[in-house]
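Take a look at this single chain, the form predicted on its own, given in C-alpha cells.
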C-alpha cells in the first residue's frame, strides 16, 4: 500500500495506473509515463506488469525479468512505483480488480487509467469494462498505425479514434510506432551483446536483456 494517503480538501490525489506486459518495456512506454505524470499532474503513477494475462496467447517472459526491466525502464521518474500486485494475484488479472484496490487504497482520489490508442479501440472487449469506466478516467496516447516487427521509427499516421463512443482524455505526445514485438524481433538470432538496443529501450533494459539472454528465440 502506498504511503500517499493525505490529500488537500481542494484537490483530491491524482493516481495513475499504467499496466502492460512490458515484455520488454521500451522508450515509448517511458515517454508515455513521463507524459502522463506531467499532463495529468499525477501524485503517483503505478506501473503494473501483467500477471496471468487473459487476452495474451503468447507465453510471457517470466515475471521476475519483466519487473526487473520495468524498474530499469522507469528509473529516475518521480512519483512512479513498479507495482507487482497483478503478478502476485492468483488466476487471470483484470484491470477492474486493480482499480478497485487502488480506489480503496486512495480513498477519494481521482484515478486515471493510462493506455494507448490500440487498447482504447479494443476496450469494450475487456472483462468488466463498464466497471473500469466507473472507477477511472481513461487517458489515451495516440499511436502510429504501422506497428510491428519492422516498425521501429516514428509514424506520422495516427490510429483513428473518431468512432470511439466512450469518454476519454487525450494525452499530447509525439506518435510512436515502436512495439515490444519490434524489440524482440531485433534480438532474435543474435548470439552476443546488443549494442544497438538502446535505440529501442532504455540503456538499463538493454543491458538486462543482454545479461540474461532474453528474446533469443521466437515466442
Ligand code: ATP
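Because the structure is predicted, anything quoted here is derived from the model rather than measured. Numbering follows the first chain given and starts at 1.
There is another form of this protein, the form predicted together with this ligand, and it is not shown here; the text below is about that form.
Using a 4.5 angstroms heavy atom cutoff to this ligand in the predicted bound form, none of 13, 16 and 104 count as contacting. Between 129-137, 76-84, 110-118, 94-102, the stretch whose residues reach within 4.5 angstroms of this ligand in the predicted bound form through a non-hydrogen atom is 110-118. Note on contacts: among 171, 187, 42, 180, the single residue with a heavy atom within 4.5 Å of this ligand in the predicted bound form is 180.
Using a 4.5 angstroms threshold between heavy atoms, residue 20 counts as touching this ligand in the predicted bound form. This ligand is not drawn, but in the predicted bound form it has a heavy atom within 4.5 Å of residue 32. Interface residue remark: residue 176 is counted as part of the site for this ligand in the predicted bound form, having a heavy atom within 4.5 Å.
Residue 28 belongs to the set of residues with a heavy atom inside 4.5 Å of this ligand in the predicted bound form.
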